[in-house]
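Only one chain comes next, encoded as C-alpha cells, the form predicted alone.
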C-alpha cells in the first residue's frame, strides 16, 4: 500500500515527482476569481506570486474535482505542480470542509498513478484537515491489480519491460504543512493509515472474482487477520450450522458447491464498558438462485458481500486502533446458486430463532442470512447492533448510487448514525420502518414471508430484519446497495469497483461508543 509520511521538509525543497496544491473559487467580493488555498504559499512564491494567474490562463477555475498540471518553477525541487480544485472558498478561508479535502487529495493521488512520491501541500493547519488529506490521498491511491500484468508466454521476452503491466499507484504521500512532532498529528496520521489499509482490504475482497472468493476462502482471510491482530475468530461450517439450526444460512447456501459459513470476530478491550455488534451480509456471489436474475444483472454480483467486507474491516480497524470498546463482527457468508439442491420459491425455512419463513423469492436471500446472524448476535446482549448489507435495489431507486439508507428501531440511534456518516464523508439518509408494510409479509403457511409489498421494498426488508433483533437492543440497518460498488468512472477518492462503503461510519461509531457516546 501507499506509504504516508509527515514531512519535515518544506514544499520548495522537497524532492518528489510532484507537488499538490489546492485552489478554490472566489466568493463575496471576488466571485469566480481563482484563490490559492493555504499550504500553497511556498509554491506561489516560486512563481513570483503569480501561480493563480498562471493557472487561470490554463483554464483552472477551482471547481471541485478539477485538476491542472503545469511545470514547476525553477525554485522548486519537484518538476511538476498539480493544482486540484476545492470548490467555493469557505466563509473562513482556513476552514475547508473535510470531505472537500478528502476528495481533492484523492483526485490528485489518482492523477499521480505511476509516480514514486508526491508532496501534498493542501490545507493542514488543523489535525482534522491533516487527517482528511491523508485519508483522501491514501484512498485515492488505491488500485486493484491482482489479476493484471500476468506474463504472456507467447509475447516477446522483453514485453514486460515495454510497460505492458498495470501502472502501480502513487508509492508515497508526503504530507506537508502539518506538525510532524506533534502527538495529535502523529496519532491522526496513524489512524488514517490503519483505517485506509482496512478499507482497501475490504475493496480487494469486494473486487476479488467469485471463483476465488467464496464462503470458505473469505473465512480463511478473516481467520488469518484474527491471528495477526489478536481477534478471536470462530467459524461455523455446514455441519455446525446444521447442528445449530441456522436454517436461513443453510437454505440460501444449499444450492452451491461452496457451503455457507458464519464467522464471528471478537475484539475485546480489558477496560471496555460497552459492546457493539456488527452484522454483515456476505453473499459472495448472487445469481438470484431459482429466482434467477435477468441478463445484465449478474455481472457485478461478486459485490453482494460488501456488507460483510465492511464489518470485517471495521472490526480489524478497531483492534488496530485499540479502541476501548468490545466489537463483535458477524459475517453471514453464502453463495446463492441455482441447482437441484437449491431452495425453491414456496419452500419454508426454519430460522435459527425458531421462526419459519416462506421463501417467495430466492433472490431476497440477504435478509435470510442476516436474520440468522442477527438472532445469534442478539443472544450475547450487546449494547447495540448494526447490520450492513447490499440488500435491495429499491434503496438504489430511492437514494441513488452514492447514498445509503439508515433504518433503526430507535429514532435517536438512527439519527446518531446518520450524523456520524455525514461527519466522516459517507452520504446517508434516515429511512422509516412503517408498521403498515409488515402486513404484506404475512404468510398462510409460515410465521412470515421473505417478501412483501413491491413499493417500499427497501423498507419491507428492514421490517423483516427487525423481527430477528433481540428485545431491548438498539439496532440499525444500513442498506449500502447504492454506494458499495461503483461502476462508473473514478472520482475523488472513489475507485471503479468496490468502495469500502460504511467502514468509516462503523469505525467512528465504535470510537464514539468507546467514548461513552453510543447515540
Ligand code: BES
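Note that this is a predicted model, so its numbers are computed, not measured. Numbering follows the first chain given and starts at 1.
Missing here is the form predicted in complex with the ligand; even so, the following discussion is about that form.
- Within 4.5 Å of some heavy atom of the ligand in the model of the complex lies at least one heavy atom of residue 451.
- Heavy atoms of residue 361 reach within 4.5 Å of the ligand in the model of the complex, making it an interface residue.
- For the chain shown alone, residue 293 is a contact residue for the ligand in the model of the complex, at least one non-hydrogen atom being within 4.5 angstroms.
- Taking the partner from elsewhere, residue 392 is found to have a heavy atom lying within 4.5 Å of the ligand in the model of the complex.
- The putative spot formed by 281, 286 and 367 is fully lined by the ligand in the model of the complex; each residue has a non-hydrogen atom within 4.5 angstroms of it.
- Though the ligand is absent from this view, in the model of the complex it lies within 4.5 Å of a heavy atom of just one residue from 481, 478, 37, 43, which is 481.
- Between the options 304, 335, 198, 135, the residue in contact with the ligand in the model of the complex by a heavy atom within 4.5 angstroms is 304.
- Figure note: of the listed segments 393-401, 237-245, 221-229, 97-105, the one touching the ligand in the model of the complex, with heavy atoms no more than 4.5 Å away, is 393-401.
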